[in-house]
Each structure stands twice: as C-alpha cells, then as structure tokens.
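Shown next as structure tokens: one chain only, the form predicted alone.
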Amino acid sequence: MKKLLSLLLAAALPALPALAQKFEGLALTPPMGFNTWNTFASNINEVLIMETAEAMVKNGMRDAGYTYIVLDDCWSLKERDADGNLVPDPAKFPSGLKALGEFLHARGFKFGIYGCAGAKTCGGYPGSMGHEYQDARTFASWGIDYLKYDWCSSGTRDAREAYTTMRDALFAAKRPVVFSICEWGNSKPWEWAKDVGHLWRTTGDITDCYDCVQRWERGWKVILDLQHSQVQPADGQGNGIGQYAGPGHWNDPDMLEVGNEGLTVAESRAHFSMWCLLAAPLMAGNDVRKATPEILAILTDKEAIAIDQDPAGKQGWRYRAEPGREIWVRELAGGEWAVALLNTGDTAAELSVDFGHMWFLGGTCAVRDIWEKKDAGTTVKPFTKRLESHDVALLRLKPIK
C-alpha cells in the first residue's frame, strides 16, 4: 500500500528540471577542426567557409579528424536587432548561418561559432553579457555544435560565474555544444573549469612565429614553455598543468599556426608535434585551400594525430631542458609513450635521447620515428638524430613483451 501511494504521489508531482551542466560525452579526445581567426581575422564570409569545407574534404583533413569548422569574431552586425537578437552580417553571410550550418553538416562537419562573455567582443561586436540564454537559443536554432567564448569587455565580471552562466544557457537550449572557454588563463581555469567547459585556454593568443612576443600575442614556443611553468610538480618532474586535463576537459594552448608564413616547415612540424604531446585541441589556422603538400602531410599525419587523440587522454610534460635541447614525454594507453626531441637552438645539431634515464618506461621498448616513417631500434641504445633548427624528432615507444 505504501509503495502504491508513493507511486501515485510521484505521478502527481511535476517533473523537476534537469540540473544545468555541460554536455557530457563530448570532446572525449581533443577537438580537431579549423578556425578562421589566425589567417582571416575579420575578413570572413560564407564563400570562404564553403570553399574551406570543400577543400578539407578533398585534401583529406576532414577524414583525418578535422571536423569542427569555427567562425571566429566579426561575423555579426555591430548591433542587435529590435528584439535583442544577434544578427549575422548579411553582406558576409547572405544565406544566413542556419543555411551555412546545414551546408557544413551535409558534408560531415560540425559548425562552430564565436561569442564573448563581455558586453562587446574583442572586435567590437555585441557580446553575450546579459543575453546568455537568448544567444544560446539563437545558436541552437542555427545548428551550432561548438562555441568559442572569449573574455573582452568583461570588466570586473567573475570568470567562473560568466562561463557557468553560458554553460547553463547552452544546456537549457538543449542542443549539445562543445564549450571552449577563452579567458586566456587569467583565472587559472584548469582549477575550476572541468565541470564548466570542454576546453579552456591557458595563455594569451598565439601568432605565427617560434618565440617572439608581439603585443598580447606569443610564438608557439613561448606558449609551450608556459604549459610547463604555470603549474610546477612538487618534485620538479612529472605533469604540472596536465594533471587537470583528460577526456572531456582539455588544456588549450590556442590554435595551430602550422603552415602560416611566419614559420619554417621545420617549425610547423615541431609546433604540430608538441601540440600532439600536449593532448591539445588541433584547430588549423592556415588557409587550407592553399596548403602545400608538405603542410598537408604534417596536418594529416595519422601517427602524429594518433598521439594527440590517444584515448588515455594524458597530457605530456617536459622531462628535460638544457641549452639547445628539450625532451618532452607523454604517457599513452597500453603502456606506450610518446617522446619529442626538440632542437631549440638556432643551428642544426645532432641530438640524442638516452632512454636509460627514463625510469618511468618500465622496460625495453621498440622505438618508432613518426616523421621518418621507420622503426628506430629499441630503448636499449640512445636515439640520435641530426635536426634542423627548431625541428623535432617525434617518437613512439611500445613495450617489447
């Protein structure tokens, strides 16, 4: 009788709304795709996006895993409409963003867009502060699958509150969205954002150079160094900031500059390799319509991508640094390891890795040279290779049973 009364009471009560949360089951490996900002900035339109998508189908990038195509800043009009809605710039997107999303979805892509937690975006367009739920519904109506959410014109707003509000708004809109937090690492999002977003920026913006600093932009090696220095392990070894990353929640050192004019091919190869070691999102930022065979070979390399997308989801860390040489390592699934030997010098040099000092390997491993596409002996002997300035040897180590 008590059980019957309980059932009747439960049926009479209204269903409680689901507690707001980020969408689970997304970004179980680091997201891969293309973003407009690094090459095109505000010079974006629907023809560019359509041509980019078609190129990524033909050149193999989509099938290699680059499935998110993300519109960055400057896609909207400078003002909202009379009802407070965001409006795509009709000169840039005459067909509208819903139609563009349908175009991308029909070709096997997912559609990403840019927003901002402040009153204005970094480009001076309407931000989402005070309009989070309205904008989330708009994004859902356009078929958006990915939101990059920036931090300009945010004033004294608390980052955790701001990003949690948009997370809740996206969840209420009921369309699963990968939520990319872009507040530049100022509030140490790795400490709090696991339950808020799927990835979070750890630094300011990247630019296409090795180690320069320009205004708020930094070369990829500067950003790489910050991934090591922001959170130091207690014993000086092991994974610092990487301890906060894993399936569904990733540290994001910013988009790729691979193939852009400020980098040599060697620097592009090393940049890509190190982002794979970091378990970083791989968001291409070059003009993929004009990418050379050398650059496409880097971006679509199956063995390098397999390291980035390793299902264990463990971020790599810097094992050793000395003048002219750095060694980075990453634990992979099944007891395997990835090792990157980076020439940080300004000239070509013969560099080595002595595996005998790597106590964590746990036994002898076979060594695979990823970029040379050949086996390179075992960890019984040191690996030695001549590397051009700022080039890398990317190795995969597999235990010998």
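This one's a predicted model, so the numbers in the text were calculated from it and none came from an experiment. From 1 onward, residues are counted along the sequence shown.
One more form of this protein exists, namely the form predicted in complex with alpha-D-galactopyranose; it is left out here, but the text below deals with it.
Within 4.5 Å of alpha-D-galactopyranose in the predicted bound form, a heavy atom is found for not a single one of 46, 93 and 146.
Residue contact with alpha-D-galactopyranose in the predicted bound form: residue 266 places no heavy atom within 4.5 Å of it. Contact annotation: residue 198 falls outside 4.5 Å of alpha-D-galactopyranose in the predicted bound form, judged by heavy atom distances. Contact check for residue 118: every heavy atom lies farther than 4.5 Å from alpha-D-galactopyranose in the predicted bound form. At least one heavy atom of residue 37 is located within 4.5 Å of alpha-D-galactopyranose in the predicted bound form. Heavy atoms within 4.5 Å of alpha-D-galactopyranose in the predicted bound form are found in exactly one of 79 to 87, 181 to 189, 158 to 166, 289 to 297, that being 181 to 189.
None of 255, 193, 276, 224 but one reaches within 4.5 angstroms of alpha-D-galactopyranose in the predicted bound form through a heavy atom, and that residue is 255. Checked against alpha-D-galactopyranose in the predicted bound form, the residues 109, 328, 114, 244 give one hit for a heavy atom within 4.5 Å, which is 114. Counting a residue when any of its non-hydrogen atoms is within 4.5 Å of alpha-D-galactopyranose in the predicted bound form, the hits in 42 to 79 run 72, 73.
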